[in-house]
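The chain below stands alone, shown as structure tokens; this is the form predicted alone.
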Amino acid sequence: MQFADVVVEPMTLRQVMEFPYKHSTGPVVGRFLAGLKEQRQIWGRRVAGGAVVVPPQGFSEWDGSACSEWVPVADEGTVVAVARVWQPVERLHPFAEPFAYILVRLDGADTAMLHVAKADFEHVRIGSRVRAIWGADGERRGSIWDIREFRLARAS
């Protein structure tokens, strides 16, 4: 038998490639994150036509015009989309336990912000009212995770 006669099945090699990097947040996202850390306040920016965009951007996503004033919005809002993750994948999802990605339109905002619901994720529906659960004082570090999650708002 010669080498040319040997039949070999295609082989695969499974490996994980990572590209850790650090980048600047820029002035707009930096101020947004500082508001989460230092004030427990969520800020949006007003765009042409008066809409408030959260999370804030430097330019309007509708017409490309520059955003103007900073506007505080509530840390409570309405869920506009839900995607439940029943079997999280390690290193792909932020948690090992089931949770839901949610889009929340905070009161005072005209766009929705992506975040998560953990504690009562199976009960969160489109139209549910949710509120932010903040990290403790001294533990917030200027990250979207300064809001630990959103939970269903209970009538008081």
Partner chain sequence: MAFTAPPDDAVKYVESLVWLPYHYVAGDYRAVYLRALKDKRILGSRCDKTGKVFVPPVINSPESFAPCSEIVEVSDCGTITTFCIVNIPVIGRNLELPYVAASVVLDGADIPIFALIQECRPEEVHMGMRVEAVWKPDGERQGDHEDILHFRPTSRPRSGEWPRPL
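Residue numbers count along the first chain shown, from 1. Quick caveat, the model's predicted, so the values are computed rather than measured. Here, rigid core means the biggest group of C-alpha atoms that superpose within 1.5 Å across both forms.
Note that the form predicted together with the partner chain isn't included here; everything after this is about it.
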Quiz item: Which of these stretches, 84-92, 105-113, 58-66, 124-132, has heavy atoms within 4.5 Å of the partner chain in the predicted bound form?
Solution: 84-92
Practice problem: Tell me, yes or no, whether Glu38 is in contact with the partner chain in the predicted bound form, where a contact means a heavy atom of each within 4.5 Å. | Solution: yes
Practice problem: Using the partner position in the predicted bound form, report whether Phe99 sits within 4.5 Å of the partner chain, counting heavy atoms only. | Solution: no
Self-check item: Contact flag, Arg31 vs the partner chain in the predicted bound form, heavy atom cut 4.5 Å
Solution: yes
Quiz prompt | Exercise: Glu9 in contact with the partner chain in the predicted bound form, heavy atom 4.5 Å | solution = yes
Exercise. Output the sequence-ordered list of residues from 1-32 with at least one heavy atom within 4.5 Å of the partner chain in the predicted bound form.
Key: Met1, Gln2, Phe3, Val6, Val8, Glu9, Pro10, Met11, Thr12, Leu13, Arg14, Gln15, Val16, Met17, Glu18, Phe19, Pro20, Tyr21, Lys22, His23, Ser24, Thr25, Gly26, Pro27, Gly30, Arg31
Exercise. Using a rigid core alignment, state whether the CA of Glu18 is displaced by 2 Å or more between the shown form and the other one.
Key: yes
Quiz item: On a core-based superposition, does Glu9 travel 2 Å or more at its Cα between the shown form and the other one?
Solution: yes
